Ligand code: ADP
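The form predicted on its own is given below as one chain in structure tokens.
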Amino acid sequence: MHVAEITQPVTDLPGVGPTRSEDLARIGITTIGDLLLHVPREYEDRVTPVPLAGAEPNRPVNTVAQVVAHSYIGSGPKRTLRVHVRDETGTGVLVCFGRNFLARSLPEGRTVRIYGVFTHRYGELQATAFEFEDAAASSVRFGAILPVYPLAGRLSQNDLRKATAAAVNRYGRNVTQELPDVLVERRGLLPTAQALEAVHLPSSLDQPRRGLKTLVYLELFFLQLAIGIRSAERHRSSRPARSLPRGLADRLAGSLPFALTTDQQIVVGEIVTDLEAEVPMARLLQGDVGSGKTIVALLSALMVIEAGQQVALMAPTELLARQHGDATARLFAAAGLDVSVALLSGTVPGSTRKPLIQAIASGAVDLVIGTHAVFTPDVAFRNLQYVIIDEQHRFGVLQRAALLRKARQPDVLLMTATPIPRTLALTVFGDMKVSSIRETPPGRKPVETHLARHGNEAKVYEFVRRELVAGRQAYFVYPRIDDTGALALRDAESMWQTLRDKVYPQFAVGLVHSRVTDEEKRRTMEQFRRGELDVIVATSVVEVGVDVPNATCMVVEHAERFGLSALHQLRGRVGRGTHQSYCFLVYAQELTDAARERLKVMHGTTDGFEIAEEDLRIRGPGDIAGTQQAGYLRLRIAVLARDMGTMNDARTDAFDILEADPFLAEPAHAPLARSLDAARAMNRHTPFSYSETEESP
């Protein structure tokens, strides 16, 4: 049995009832296989003695000591117990905030084992977080290497330790070796069963390192197998080569008020070459914000439409889909093109939707621009050949697959305005060709980025006022909608009132966020685009797809709460015209090291490709979908910022195997094929890991 085939529910383990299973589900653990692959984030060495005299901030004490006295600080209900202890090297104090009852468990004269972080405070060695037990007791909490797991809800470390120990003992020790012996030996790995035991039940600090190395390699190896097989399957789906007509595309290009950049011309050529080839296209187009990816996509789409086939252009939000639709209609009208374009979204009323769906099915619509509504089963195409997906990382895999099933051997172009680090593109999108647009259209000036600490924002507001007086427009972005929540953060709704009534009373100020209806959101943004609103107050919903050339100021308050990608996308909302534009990142007084580094990167460069590389270095691949970024690639165990070397090794090994046996059809590779199928089933939530047919969250 392979790890991924252990699908028994966690409730089969002793001590895991409905409550704990609910908490486990919150961190993605529903089966025993999931639990076995939930690796610790660190380990506590409770084997090596560390006396009180050896205490350091990053070196917990692990000693046997005697309780010598009790004392208290404070008085009344708020008084706090202090337990004085002594070992052979010195003395220390256990400060028991809210735990005065420990006086009964730690009476004077008792000898106990203690584990905790001690620091020098007020002239003595103190610990506020500690564990203890009687020195004569027999326990699994001392004298062992203890894993420390990511938690959720009401789970404790003891809960996870007991559950994983039971899972290893009942199932983990019996799993099948998933890799060929030659790879295990070549890469210095462990058999899978031994790796699971080393990670969850180590007897030394060296064991988890080797066990984790094995599990990381396994995950990345099967990822690369899936990528390689997907590429082989696409190349097996051949079709007759063709020559596409250029008439409509040439007319559109000739009507544009600007000339295509060199990068745009090169990318159009790359896409057309793929569209005309025998193998269906699978290409990723990445370009910095405002680089002109959409016009490239439309030029290539017109060639397919002129050849008598349909094209679908997908956008993740109705705001972006409508913008694509409006821009496309204007461009086609200016070029005098007789091309039928339709917008399909969830807000299209039933009376309009039915005839629209019929027109798409009959082939009367050449280009369908839409949101997730195009994925629904009742939408059928007569001859869909070309699928363009904008901001591709925002769609679930099941959604993408549902659209692709509406066509036979479709050409696929994925677009992203969040440049992907080269290392990530080569590994995660390794079965796709990658095109990049780095040039910006002529006449645009780099956005000036300024940092401002909270308390100095009045200067920012005054600068923006001068831009508004000059006839320009501005965005103000906040990390949350309203003032609910434990954190003291400025929010969009409160600041909308403040900016509207107190800061800029002579200007028109609008508000958009995710709780605003799509119709109201569309109306507000259209007013902003037409210049009827001077200021838009928003959350990160304006991060993608808002194109207002007259907007020259982007103010992001609590910028430390946003990831690098989100900040770069927000900055890209300005600087889209010929006027000099500005981005102000207003940050809190106290910053984490990572937040400080992100702001430094944003201040230092406007190059999205450089920012993407820095983003990968700082935090690994992310979801690039808002203030909490989580990843193009969700992996259970591997961390690409740390494990790129292992990724490259796994890719080399996987592609060596597939070069001789592209579909793992040989009997010798049957175990690999079985493991890959099981991994695909288990990792249905990981968009690029193993499956192109399942949904992502």
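Source: prediction; values computed, not measured. The numbering used is simple: start at 1 and walk along the sequence shown.
Below, we turn to the form predicted in complex with adenosine-5'-diphosphate, even though it does not appear here.
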Taking the shortest heavy atom distance, is Ile295 within 4.5 Å of adenosine-5'-diphosphate in the model of the complex? yes
Would you classify Thr214 as touching adenosine-5'-diphosphate in the model of the complex, given a 4.5 Å non-hydrogen atom cut-off? no
Is Gly74 close enough to adenosine-5'-diphosphate in the model of the complex to count, meaning some heavy atom within 4.5 Å? no
Should Glu493 be classed as touching adenosine-5'-diphosphate in the model of the complex when contacts are defined as heavy atoms within 4.5 Å? no
Contact assignment for adenosine-5'-diphosphate in the model of the complex, among Gln224, Thr371, Gln473, Ser291, heavy atom within 4.5 Å: Ser291
Select from the listed residues Ser436, Asn550, Thr449, Thr261 the one whose heavy atoms reach within 4.5 Å of adenosine-5'-diphosphate in the model of the complex. Thr261
Going by heavy atoms within 4.5 Å, which of 157-165, 438-446, 533-541, 379-387 lines up against adenosine-5'-diphosphate in the model of the complex? 438-446
Members of 556-584 lying within 4.5 angstroms of adenosine-5'-diphosphate, judged by heavy atom, in the model of the complex: Arg576
